[in-house]
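In the form predicted alone, a lone chain appears below as structure tokens.
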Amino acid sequence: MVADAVVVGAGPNGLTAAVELARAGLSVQIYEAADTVGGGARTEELTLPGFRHDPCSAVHPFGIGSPAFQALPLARHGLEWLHPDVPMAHPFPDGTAAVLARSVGETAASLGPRDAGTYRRLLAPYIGHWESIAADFFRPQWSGVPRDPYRFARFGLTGTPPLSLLALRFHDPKARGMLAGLAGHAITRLSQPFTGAMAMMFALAGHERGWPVARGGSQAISDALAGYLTELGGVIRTGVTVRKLDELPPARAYVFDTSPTALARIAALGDAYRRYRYGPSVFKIDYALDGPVPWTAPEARRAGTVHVGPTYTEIGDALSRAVTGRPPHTPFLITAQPGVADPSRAPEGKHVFWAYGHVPNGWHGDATDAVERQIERFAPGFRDLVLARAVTGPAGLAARNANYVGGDIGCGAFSGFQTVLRPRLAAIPYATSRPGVFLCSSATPPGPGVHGMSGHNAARAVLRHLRRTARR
């Protein structure tokens, strides 16, 4: 029997694509190489029994605000979002911190009197309009008329230039450092175009939807998608590695939640993605702690996410070193402390802690000491709380998830035209040169993050293809 669609890869995008196709009444089968679904959204006991860590994504500002996820009954399948008191804190050596709070006013106040008004004016046009902005931001940028043309154009004019230009609007280190940290999630130089938009979207998401964690860990997101897919009649097969397209059962369409490199190899596409570039990697450490992180800044103790690296200059240098192939010196760290919102992640009184700094693609060094020295700058005594650590460099990340080529957790460099024209210049970026074969991973628009929108967009392209094929 010929299936309507076969999906390869059960990460958030593959699962979302499968769900969207099944909702349209198609028969769907999904194949995953690992023993469990999840891809970049998993939860495992990496250190000690009872300590539940997220090997990759942990905090989900774009997940809770995803147009795809909001349209699905994921709560019915166990997904519950938990919010810390403070979405993100950005501490400084003097014991103070800038904060990304749910309130624009509270955030602005934390930046100091000279920059508070500038911050309010930057975000004010978009507050209360998350649904239309997210719909426009998470679609292929050339696919039709925006839902909110005015705000889309205004956002683009402000955010298309690099963060280095946007930061010139601000006077003091707190605002400039916080914005640099937000842009740092793109893992690219701060002089790269569209880094301003990245910082603004993360800030807006914090104000409009928050930066929550999933109760029990990121695996809950994947399990909810898988549960809904099963309810719709979809079939999930784990522990199956697909090496060639003809190993899969006959289907009207094939959808790949893989890297472009893997898709080209499996589907015999030759050098279709020869110009696709992978970006820097990260060096990640998961900690089991004997207590909460002893941040000097009180705001950081209440935050679900803490950016460690105070100044624009320091963050910019750390990112530039990773992009240009130099080893880390004073890393900029993105850290998460899920237990602030979800105490169930560790035994009573204990905590899990998640931190990564940026390193060159494929780097083989050990940044453990550099990471922990940086944390100790803002949380003296941190090392005394460490019960166990799980250290993962680029090679370990790539081994855990084949989509992370060279340890690139974004599945593609955020640079040049590739920033918006992923994975190549094409009217339908999800389609390939082989009819009926599609790509839905983070290598496609809108790019990295646990939001399912690459899968959602790819599924719509598949449905259009199948309708055209049926008419013929």
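Note that the coordinates shown come from a computational prediction; the quantities given were computed from them, not determined experimentally. Numbers follow the displayed sequence, beginning with 1.
Unshown form predicted together with a small molecule; subsequent notes refer to it.
- Contact check for residue 53: no non-hydrogen atom falls within 4.5 Å of the small molecule in the model of the complex.
- For the chain shown alone, residue 188 is not a contact residue for the small molecule in the model of the complex, no non-hydrogen atom being within 4.5 angstroms.
- Looking at residue 103, you'd find every heavy atom of it more than 4.5 angstroms from the small molecule in the model of the complex.
- The small molecule is not drawn, but in the model of the complex it has no heavy atom within 4.5 Å of residue 66.
- Residues within 4.5 angstroms of the small molecule in the model of the complex, judged by any non-hydrogen atom, belong to 31 to 39 and to none of the other stretches in 428 to 436, 31 to 39, 413 to 421, 44 to 52.
- The listed set 397, 322, 300, 340 contains one residue whose heavy atoms approach the small molecule in the model of the complex to within 4.5 Å, identified as 397.
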